[in-house]
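One chain is shown next in structure tokens, namely the form predicted on its own.
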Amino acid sequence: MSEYRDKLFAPARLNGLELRNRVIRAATFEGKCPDGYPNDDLIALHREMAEGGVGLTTVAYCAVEANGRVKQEMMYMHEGIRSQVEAMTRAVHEAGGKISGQMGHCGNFSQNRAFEGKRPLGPSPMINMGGIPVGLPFAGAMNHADIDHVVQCFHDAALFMKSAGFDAVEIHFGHGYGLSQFISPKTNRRTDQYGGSLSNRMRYPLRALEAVRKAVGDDFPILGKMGLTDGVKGGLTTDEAVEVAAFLDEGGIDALIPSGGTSSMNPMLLFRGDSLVPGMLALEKSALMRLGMRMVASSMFRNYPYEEVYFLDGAKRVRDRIKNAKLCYIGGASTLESLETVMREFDFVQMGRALIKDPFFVRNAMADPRYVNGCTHCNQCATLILHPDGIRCTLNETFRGDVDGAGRPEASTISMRLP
């Protein structure tokens, strides 16, 4: 092995947490929380990530309040799910791994049929395109009391997560969700102390970070996923994003994860590879949503051919700007050669699709220096968040005939385990 591959698989420390290696399972939404409650499949998924050798597995989209969910089929942090969450963190620990949870809030982008209130709230009034089919066509502007409320929700959710066994938390500052809506000049048109200059637009996200730190303590790891660019006209640019990183660094974040794109305006900038549209159309139940997808497909789901380490240059700029935080790379690191490139530059790496393809990536790669993952970046796993069973790698499936009683072939996952 090269020195950089050795670094990848060697133990590392993140604030007060010792990790067995530098590989982190990215917060790729699993789609395994029917009616907002984590199920046994979600627990099994993260247990398998730990068994497969990742240093830290991240549970995606742990909303900080009920109205912070994009969809009803997402969980939010509250006592009603404690037993399931504790079962999940315990399963990961028993398998030798560590577990983090991604804290988020949807802000003005909600498709939640269980939404409590008149309308979703974000920095500024806008049309909520995704919410039209569920009766939430408009989003309002948060007042100062609303902001105070959500900041408190971040604090309370962090307290719950630490008490339920999480070893770290990841705050979502990117991808067009609630906090990034304030950061982006595209969606923040406020004229008070929460709008205008970047320092004003960062006020609310920094308050959320401060609240989480107060809840978890000084030695508990807090990671932050941020945007390098929104990828849309009038949105966040990389020049401004590096200053966002500086604000978060000075605010006491332990590690930054520079990503890009927005779920509601330009998601393919994040994913790269094959379009999400065909799979989403096949699984979307709402005829109105399918019509909307077809209408915006060319402008929203743009063509970005896959390439390895596609966020490398932007991540380097963030690394060069920050002073204290660790840098965790994400974005097209699915080959051992790419991972060595990443380890030359950064402290950790997050992987998503490659670990969906093979949860035992780490163990397999450590055992075989010629290991090839096999992910084709077809992105069908991402579209399956709309499927009742959630995400899986379709390349790993064999079919045994029409035996599930619903006119569909039963799928079985090929085990990727080492003997």
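For every residue, the number given is its place in the sequence shown, counted from 1. Just so we're clear, the structure is a prediction, and the values are computed from it rather than from any experiment.
The next section is about a form of this same protein that is not shown, the form predicted in complex with a small molecule.
Distance criterion of 4.5 Å from any heavy atom to the small molecule in the predicted complex singles out Ala27 from the list Cys393, Met49, Ala27, Val362. Between the small molecule and the residues Pro221, Gly131, Gly332, Gly97, the one pair within 4.5 Å by heavy atoms in the predicted complex involves Gly332. Taken together, the three residues Lys71, Phe138 and Gly178 all stay farther than 4.5 Å from the small molecule in the predicted complex, as judged by their closest heavy atom.
Annotated contact segment (heavy atom within 4.5 Å of the small molecule in the predicted complex): 269 to 277, selected among 81 to 89, 269 to 277, 192 to 200, 235 to 243. Not displayed here, the small molecule is approached by His172 to within 4.5 Å at the level of heavy atoms in the predicted complex. A residue is said to contact a partner when one of its heavy atoms sits within 4.5 Å of a partner heavy atom; Gln111 fails this definition for the small molecule in the predicted complex, lying far away. The small molecule in the predicted complex comes within 4.5 Å of a heavy atom belonging to Tyr310. Using a 4.5 Å cutoff between non-hydrogen atoms, Leu45 does not count as a contact of the small molecule in the predicted complex.
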